[in-house]
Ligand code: IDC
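A single chain, nothing else alongside it, follows as structure tokens in the form predicted on its own.
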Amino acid sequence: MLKKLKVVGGRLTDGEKPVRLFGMSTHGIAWYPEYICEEVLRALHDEWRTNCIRIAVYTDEFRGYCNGGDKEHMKDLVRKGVMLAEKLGMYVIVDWHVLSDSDPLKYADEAEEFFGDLSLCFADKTNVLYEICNEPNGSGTWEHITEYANRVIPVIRKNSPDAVVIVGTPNWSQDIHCALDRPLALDNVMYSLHFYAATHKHAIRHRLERCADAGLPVFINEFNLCEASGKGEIDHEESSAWFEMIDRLGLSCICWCLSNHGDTCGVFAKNCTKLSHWEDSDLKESGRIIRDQFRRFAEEENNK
């Protein structure tokens, strides 16, 4: 059984030593349910050597959880993913994927129901982390995020009192300094920082380093090497600078995304329908770089 994770001194730990999680995020499981299967997770664990998967449950998009989607089917997919990951020795981030809804308070009632059901189901699991709002933006200010978190986190903690919870930050999880200035009055909480290397450069890295140096628990729970739109060319120089910082600060990181979507950020080639044993020709350039980087992370962790 995997060790229960805990936030200690601004770091994610197993209670004794620092832990770094790294792996892939699904795209919205309402649209890409096929990737929640043992074949995919085993390949990510064995072939890409990752130790975590993020399961994205979109909220307000078409067929999202709060916009006409099949709620029970999506919760069943999350349950399936958690059980498979546990079998393979992987951690799971359950992601309430706030995006077009902007303000997490918009669907706070639905979030309480979702996390209440799943935290009860996973009460005895040691491999589950909860991400309660992916990318607040627009009206999703830090004041609103704080109000929302103070509603939703107690729902999770009622069933899973020691669970690690990841909280999104304003401006699509870039304004992490808001959490540094006014952190939540709760334990075992980490704060999201997202980057897309061709868009987010030195200024965001400087902000991250300032927050990490001050002891803020930071989790890079979404990144890619292209533009923030998910499109465009890979910025190799900026990607290298980001990976250097991730290594130096010992941060966890999750790549967007596990799909054959046509945009740069989908790591599989558009015509790839394979669920394992991916060859270089099955991957976009971003997929090949990310796979190799995760293998390097795994080697570094094994050598500690």
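Source: prediction; values computed, not measured. Numbering starts at 1 and runs along the sequence shown.
Just so it is clear, the following notes concern the form predicted together with the named molecule, a form of the same protein that is not shown.
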### Task
State yes or no: in the predicted complex, is some non-hydrogen atom of residue 45 no more than 4.5 angstroms from a non-hydrogen atom of the named molecule?
no
### Query
Does residue 234 reach the named molecule in the predicted complex if we count a contact as any heavy atom within 4.5 Å?
no
### Message
Please determine whether residue 256 contacts the named molecule in the predicted complex, using a 4.5 Å cut-off between heavy atoms.
### Response
yes
### Query
Would residue 116 count as a contact of the named molecule in the predicted complex, using a 4.5 angstroms cut-off between non-hydrogen atoms?
no
### Message
Can you pick out, from 278, 242, 58, 35, the residue that has a heavy atom within 4.5 Å of the named molecule in the predicted complex?
### Response
58
### Query
Of these, 228, 84, 105, 155, which has a heavy atom no more than 4.5 Å from the named molecule in the predicted complex?
228
### Task
Go through 263 to 271, 66 to 74, 35 to 43, 245 to 253 and give me the stretch that gets within 4.5 Å of the named molecule in the predicted complex, heavy atoms only.
263 to 271
#### Entry: Residues within stretch 196 to 225 having a non-hydrogen atom within 4.5 Å of the named molecule in the predicted complex
196, 222
